[in-house]
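Structure 1 and structure 2, given next as structure tokens, are two forms of the same protein chain, each shown alone.
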Structure 1
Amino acid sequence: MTSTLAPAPRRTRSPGHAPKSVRWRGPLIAWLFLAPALLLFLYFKFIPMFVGLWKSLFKVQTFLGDEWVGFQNYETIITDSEFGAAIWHSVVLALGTTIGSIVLGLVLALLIEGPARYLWFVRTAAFLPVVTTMAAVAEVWRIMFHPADNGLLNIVIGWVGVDPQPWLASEDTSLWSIMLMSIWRGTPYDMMIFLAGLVGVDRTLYEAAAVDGASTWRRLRHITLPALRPVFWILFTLAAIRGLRVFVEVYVLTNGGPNGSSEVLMTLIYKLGFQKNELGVASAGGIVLFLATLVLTVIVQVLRKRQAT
């Protein structure tokens, strides 16, 4: 006789239907780990950004109370000739630094790319400028830029018959001198990104090209550069933002001089806010710089997606 009270079969859940508590456990743990960093970002980054946006609409008077001026600070800074010159200097510096560091970084990456063991020393030595404090680097270069005949760089260029240059002391060469130092410091960073990109290039393509008798230039043009296209987009975005927001190099080397020939946006905003006590105008300048950086990033990302499709 078969029992009619046999236990009902147990329900089995499909793998995609885990209990709600289990589904939330993973993201909850991740957010708990991220919470300290997010709190620091909120307090030291995002709140000051919103305060800066709010202050850009006021005439900031420390002990007299702020006065609402609307968009007058934006009109002041956009129509200011010094601000226009600083924008031009920032764009020139960003373009020169971006192109120079990317080209030299690619050349260095191609030269030292490979599995040889001794290359780790070369890569480490080349990467050292990136981990060195910017203020220390700028101070060393300021000494090297000594305009006298016994200046280090003037001695070096004298070996190839070039006359001594004033470097930072001249309105014609100050911005280019800062660009030279920025390229020197940015090149190792770009080089390491290129090295990481070269690892992902399919080696069988090089072997097939070698069998077909392709020259080194043709392999570089038709295999290496197309494979590194995503790396170029990333580096262009980062280098352009870094060039637009340059501050320490200019502040230590020239402080915007001589006669404003190397003044950039960041040094001008600093002077307006902390030397001339025009915090409202300085905040407006900071917002304009933020918007310029945001627009540049969006344009690069749109171009990258269009090219990818």
Structure 2
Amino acid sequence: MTSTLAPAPRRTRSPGHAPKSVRWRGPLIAWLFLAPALLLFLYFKFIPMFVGLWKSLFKVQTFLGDEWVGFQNYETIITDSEFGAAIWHSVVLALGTTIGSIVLGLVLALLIEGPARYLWFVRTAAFLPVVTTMAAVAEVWRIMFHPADNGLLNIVIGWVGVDPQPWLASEDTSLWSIMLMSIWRGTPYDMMIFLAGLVGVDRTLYEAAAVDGASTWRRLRHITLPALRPVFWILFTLAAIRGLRVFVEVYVLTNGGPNGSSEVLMTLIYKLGFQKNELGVASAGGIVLFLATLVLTVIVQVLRKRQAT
């Protein structure tokens, strides 16, 4: 990316005037404003990250003092048979949730786009899942997923003649059920971003297309979607990160079960760290997850740049 802002030409100053401090005042004030946030980040984000990295090289014994084990923790986690499965589940869940939310979000955005008065209500209502706490959402869905005939979702699908499903209780459907809930929750968020993106689409293009007799589908395909390209990239990046670090929904709904069928990286790391008390191995898992997220983000960014040029 090239900066469009050329540096302002330096004003020539007559010597003796304007003390040195003036030159520093601007940046200094900026940094001062940033300082509280940076300090908080430093203390609650960056220091813990480095401590995590450091601890991943130890057998962590919080009270006795840690024991150096080098890369053994990494070896343990990478050779753990559950680790591979957890990565696979994370990826499936991330992909499914991302694609589902984007497609549905786009459809919803197109449906409720426009300046009509009553739409604010629809938009607010649609946005509600996003502002509700994940734990609460998951708890409600857990009740709706009740696998018996009298479970709420089973009653609903019964209306269209579908047999009751085990939802979370079967290893064949647990991951898909979690995905369904995640899509429900993620869609409105994507919808809002799309709505923001749609505002930026040049209206005259639509008018021109209408004059040329283009169908709705062609307008969508040739005007709307290309104009939304930057939005897609933002959503892909966000969704990839969100997808990999999914935790609360899985923890509340299935805790990785049954039979490990919905175990994702975060629940595995949690289990290792806080249920088996192997904090060193869990830290190593955390670092692996961080690296995976980093690689994924870089890939998306590279693809984006390639597209842009």
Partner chain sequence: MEIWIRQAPDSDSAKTAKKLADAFTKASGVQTKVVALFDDFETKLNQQAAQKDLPDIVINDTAQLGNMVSQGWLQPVDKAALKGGDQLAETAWKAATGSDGKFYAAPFSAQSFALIVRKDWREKVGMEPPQTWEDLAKLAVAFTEKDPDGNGQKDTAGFTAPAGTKRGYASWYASSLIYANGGDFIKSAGAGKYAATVNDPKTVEAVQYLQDQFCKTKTVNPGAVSNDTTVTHEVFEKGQGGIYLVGPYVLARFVKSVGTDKIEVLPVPKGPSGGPGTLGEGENVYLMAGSQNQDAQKKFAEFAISPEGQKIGMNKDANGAIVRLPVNTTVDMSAERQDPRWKVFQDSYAHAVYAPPVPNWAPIRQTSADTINAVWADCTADVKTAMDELNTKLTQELQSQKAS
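Note that the coordinates shown come from a computational prediction; the quantities given were computed from them, not determined experimentally. Each residue is numbered by where it sits in the sequence of structure 1, with counting from 1. By rigid core we mean the largest C-alpha set that fits within 1.5 Å across both forms.
Name the structure that is the form predicted in complex with its partner chain; the other one isn't.
Structure 2 is the matching one, since it is the form predicted in complex with its partner chain.
Relative to the superposed rigid core, does the CA atom of Pro48 travel 2 Å or more between structures 1 and 2?
Superposed on the core, Pro48 moves its C-alpha less than 2 Å between structures 1 and 2.
Where the core is superposed, what shift in Å does the CA of Thr62 undergo between structures 1 and 2?
Thr62 is displaced by 2.9 Å at its C-alpha.
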